[in-house]
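The data below hold one chain only, encoded as structure tokens and taken in the form predicted on its own.
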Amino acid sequence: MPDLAASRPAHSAHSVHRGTDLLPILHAPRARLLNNRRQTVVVLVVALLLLAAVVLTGRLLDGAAQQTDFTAKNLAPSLQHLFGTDWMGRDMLARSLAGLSTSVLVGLLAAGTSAVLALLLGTAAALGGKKADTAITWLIDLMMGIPHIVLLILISFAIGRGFWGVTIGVALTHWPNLARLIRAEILQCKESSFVAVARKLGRSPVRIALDHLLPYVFPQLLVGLVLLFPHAILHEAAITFLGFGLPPEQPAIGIILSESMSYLSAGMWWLALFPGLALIATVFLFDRAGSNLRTLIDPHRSQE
């Protein structure tokens, strides 16, 4: 007996020692998770601030982007003109920023309208009964079966092109994927236990939709809205480049790239290179903002 009693304190001390050794191991994943989330928030905030700076700077330089100076035309990039000048002496940095600002505004309006359409149609398909679901699903399949750029050109040309023609065209062609996602999420949410409990408690369908279904799909809607921006910007630049978008007198990346094609053979490479890189950088910022926002909102990706 004395031997057993003497051995217990040593065993207890060994257990405590092992427990203290395991504490750093148990807390390491939590610390790493918090650090990852902090980095994700920082990247998201920086991307949004840079995008806001692009829009604000472009609006302020809208007048300078259209000023001509024939004494300084066709200048290569320098300290005075970082992006060079064009055949009319216009500063390409000012024109690029003004064009990006216009593209971002088109993307914001088009993506916002498209997200609202997706929410309305996806909700109607999931909650409106079999006939509504069949009709909206058929419409989604029809829209997805037509190439974006072709339908976008037709809508923009029919409305009269210009700023609103492009915006409406982009908005009417980018909702199907998000609508299908929202429909699937609401159908899944309808079968959940908390919705069943709400029905048994006598909640009306409207209250269930407002209190449970819409909050359930809001994270997917927000992420889808942000990720629609890059597509909207690229498609706006594409149809403007083809001549079916914004008018030539309005600074836009598509117009800048289209006009620069006539001068590349003369060695004026900067007319297309820097505006193109600026467009790619803006799209990349939107993509990074959307990816980081999805990481923060999605419960599965937030654990990475």
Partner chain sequence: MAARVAQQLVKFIVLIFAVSVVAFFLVSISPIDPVQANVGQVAYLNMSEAKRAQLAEYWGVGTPLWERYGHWLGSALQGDLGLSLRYNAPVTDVIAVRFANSAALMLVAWVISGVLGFALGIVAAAFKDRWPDRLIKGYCFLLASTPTFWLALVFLIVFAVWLGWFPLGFSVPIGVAPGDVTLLDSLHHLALPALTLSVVGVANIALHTREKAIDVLQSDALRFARARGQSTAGALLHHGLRNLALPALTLQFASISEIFGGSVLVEQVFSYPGLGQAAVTAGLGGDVALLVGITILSAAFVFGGNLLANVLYGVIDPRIRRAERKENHA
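Numbering follows the first chain given and starts at 1. Model, not experiment: these values are computed from the prediction.
Although it is not shown, the form predicted in complex with its partner chain is what the next lines describe.
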For this chain shown on its own, do 146, 161 and 269 all sit within 4.5 Å of its partner chain in the predicted complex, going by heavy atoms? yes
Exactly one of 121, 168, 221, 153 comes within 4.5 Å of its partner chain in the predicted complex through a heavy atom, and that residue is 153
Identify which of 55, 41, 48, 273 has a heavy atom within 4.5 Å of its partner chain in the predicted complex; exactly one of them does. 273
Non-hydrogen atom contact residue 191 with its partner chain in the predicted complex at 4.5 angstroms: no
Residue 283 versus its partner chain, in the predicted complex: is there a non-hydrogen atom within 4.5 Å? yes
Partner proximity in the predicted complex: residue 216 to its partner chain, non-hydrogen atom cutoff 4.5 Å: no
Flag residue 264 as yes or no: does it have a non-hydrogen atom within 4.5 angstroms of any non-hydrogen atom of its partner chain in the predicted complex? yes
Want to guess which of 124-132, 106-114, 153-161, 194-202 is within 4.5 Å of its partner chain in the predicted complex, heavy atoms only? 153-161
Along 235-259, which positions have a non-hydrogen atom within 4.5 Å of its partner chain in the predicted complex? 237, 238, 241, 242, 243, 244, 257
